[in-house]
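Quick setup: one chain, the form predicted on its own, written in structure tokens, and binding and motion questions come after.
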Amino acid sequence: MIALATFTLPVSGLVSVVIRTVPGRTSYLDAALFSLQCQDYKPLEVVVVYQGPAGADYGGLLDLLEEYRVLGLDIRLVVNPANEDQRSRNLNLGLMAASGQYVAFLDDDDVVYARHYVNLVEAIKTSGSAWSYGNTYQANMKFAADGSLYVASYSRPFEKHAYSFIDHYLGNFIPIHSFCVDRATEIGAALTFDESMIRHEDYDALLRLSSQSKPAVSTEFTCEYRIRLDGSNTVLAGTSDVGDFKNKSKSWAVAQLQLERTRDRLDTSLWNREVFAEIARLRGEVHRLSLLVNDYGGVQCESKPLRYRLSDKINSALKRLPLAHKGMRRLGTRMDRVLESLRRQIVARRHRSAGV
């Protein structure tokens, strides 16, 4: 089920940042709020969606929010008393409470740099797009002896200086806090999160968004996706406990199946030119590699069909070139996924046309 976010006319120029949090995470939330306090962009409002009971930790949350209100940060609090994990519902609650023209999201254990929203809003205004995203560092976090967190290392696994729908379709490189949506546009106003999703809720929403609108890209690195290396994040990275790893893997596997349904329903006609260009490029690569076979020879078996003889030649030649062999395997996997996604879309459209 996808809940509908209802809101009055958005306040022009205002950026609303939705933060989900739960009990026991005020220390993380403190760092996230501090990064918002330091934003160059104004005006800015923060919508904190707290899921949990009004217990002792809730009082600590109220105290923390009041500290930042005194510093001038505009904060709204939304409480969801549900016991089960309602991560997608919490995002929709934040959307409904947000009043800004622009809406963005920030997990309570991540941070954004001072020019983050300046860059994202400027990219939207310059391009006329319904949304934008920026580059993100992965910050690998460790706990010090006193219990405090520090950044042990940085990496750039999400780096993209130009948007590719095919790359995005094959895997998400846009963390939830790295994008911003203009709700003054029809496409941006329709943004919602599927509340049946137990993971990948942001990726699911982004695929639906990107199927309708090409994003503007801010190439500067202006935020951190923080991974705690003790395995306490929702993601699998850093998880060493076998039982915990299995439970997480099961949740992500279920979410992956849900995500495939979204992929099958997408209308990707906006991106047909890129898809067909990629197919042509992949065919060109296969042709180039087939020519490479002529230089290195290969095993021949005249009783086999031509396509199998060619495959044998390519494999034989590439085994002499380990890097090329590895690249060919990746190329084949990538091409298979692109063609399979197109096949599923064609079948789905036929079913819809037939009223199935």
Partner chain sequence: MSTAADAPAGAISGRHLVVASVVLYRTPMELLRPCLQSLARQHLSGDVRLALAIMDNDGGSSLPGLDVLLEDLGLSGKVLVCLAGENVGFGRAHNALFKACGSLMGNRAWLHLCVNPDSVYHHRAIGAMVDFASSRDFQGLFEARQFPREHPKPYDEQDFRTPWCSGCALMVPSAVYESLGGFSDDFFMYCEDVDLSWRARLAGLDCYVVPAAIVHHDVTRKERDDAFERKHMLLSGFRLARRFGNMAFAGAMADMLRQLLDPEEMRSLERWGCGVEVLHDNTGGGVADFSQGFNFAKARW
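Quantities reported herein were computed from a predicted structural model and do not represent experimental measurements. Numbering follows the first chain given and starts at 1.
Heads up, the form predicted in complex with its partner chain isn't pictured, but that's what we're talking about next.
Among heavy atoms of Tyr68, some come within 4.5 Å of its partner chain in the predicted bound form. Gly72 belongs to the set of residues with a heavy atom inside 4.5 Å of its partner chain in the predicted bound form.
Mapping the unseen interface onto this chain, Leu77 falls outside it, with no heavy atom inside 4.5 Å of its partner chain in the predicted bound form.
Taking the partner from elsewhere, Asp264 is found to have every heavy atom lying beyond 4.5 Å of its partner chain in the predicted bound form. Remark: none of the three candidate residues (Ala98, Leu206 and Glu260) comes within 4.5 Å of its partner chain in the predicted bound form, counting heavy atoms only.
Here is the short version: of Leu191, Val112, Val121, Ala216, the single residue with a heavy atom within 4.5 Å of its partner chain in the predicted bound form is Val112. Across the options 207-215, 183-191, 100-108, 150-158, residues that bring heavy atoms within 4.5 Å of its partner chain in the predicted bound form belong to 150-158.
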